[in-house]
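The form predicted on its own is given below as one chain in structure tokens.
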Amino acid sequence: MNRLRLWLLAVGGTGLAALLVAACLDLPRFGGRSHPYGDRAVHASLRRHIANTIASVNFDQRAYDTLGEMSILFAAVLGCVVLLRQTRDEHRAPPEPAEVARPVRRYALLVLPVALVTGLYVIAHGQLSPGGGFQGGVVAATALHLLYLGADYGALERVRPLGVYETTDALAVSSYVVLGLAGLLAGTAFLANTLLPYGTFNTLSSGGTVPLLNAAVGMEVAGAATVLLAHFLDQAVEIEDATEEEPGK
């Protein structure tokens, strides 16, 4: 049986290697002037009035792939939440105040609103300029956690109700799927960018469904990153092993 598996692996590996070599031999020369994929991507982006070609590729030409990336992030966060949940032999203890230098606290409180607005700006302008839902969602989520340095853990918990962010995460993924199904109901294809007018080039309302899909990704990434960081912080700050002896005993 082991020998048969090795033979199957060898045959499959040989076939894959042959296909890779054939594909590499047919690639355009490095540094050449022929860029067929890039030219077609730019042409499709301009035709749909999307100023950012990368956003056009992510949310129009390969929107189905982006759905897979969202699903991977959603599943990864869900798995971490299950693994990091509080068990029977653990209990929550009031967190000790963090010892943070005053200059750090002042800098964190000063940068927090700037970073949060920057994250939201990157999400909103994803179809116009570099960035988008993935990048802006991470910036917005990490900006929120500057409150842990600028104030304390209790202040962070008050502005970070986990139920709201978990619901936001799930709704964002669902809204992406719903937009895809809307294309099927309209008689086109799943996630086809044909539902909305393309608008005026280089404006917030341009690009058809691309701004909506980009916003859904931004909400999902921001919610997922917030939930993930929250559970890691819980493990580091609040949750303790019930079998540990109290200090002094």
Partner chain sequence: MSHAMDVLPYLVAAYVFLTGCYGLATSRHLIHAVGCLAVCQSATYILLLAVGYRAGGTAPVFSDIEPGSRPVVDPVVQALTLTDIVVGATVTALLLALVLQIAKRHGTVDPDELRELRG
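The model shown is predicted, which means the values in this text are computed figures rather than measured ones. C-alpha atoms forming the largest set that superposes within 1.5 Å between two forms make up the rigid core. Positions refer to the first chain, counted from 1.
Beyond what is shown, the protein has a form predicted together with its partner chain; the following relates to that form.
Heavy atoms within 4.5 Å of its partner chain in the model of the complex are found in one stretch of 204 to 212, 191 to 199, 32 to 40, 177 to 185, which is 32 to 40.
Only one of 73, 147, 173, 122 comes within 4.5 Å of its partner chain in the model of the complex through a heavy atom, and that residue is 73. Using a 4.5 Å cutoff between non-hydrogen atoms, residue 11 does not count as a contact of its partner chain in the model of the complex. Although the partner is absent here, residue 159 lies well away from its partner chain in the model of the complex, with no heavy atom inside 4.5 Å. A residue is said to contact a partner when one of its heavy atoms sits within 4.5 Å of a partner heavy atom; residue 165 fails this definition for its partner chain in the model of the complex, lying far away.
Using a 4.5 angstroms limit between non-hydrogen atoms, residue 54 touches its partner chain in the model of the complex. Along 106 to 135, residues 128, 129, 130, 134, 135 each place a heavy atom within 4.5 Å of its partner chain in the model of the complex. Core-superposed comparison between the shown form and the other one: the Cα of residue 65 travels less than 2 Å. In a rigid-core overlay of the protein, residue 47 has its C-alpha displaced by under 2 Å between the shown form and the other one.
Superposition on the rigid core between the shown form and the other one places the CA atom of residue 197 less than 2 Å from its counterpart.
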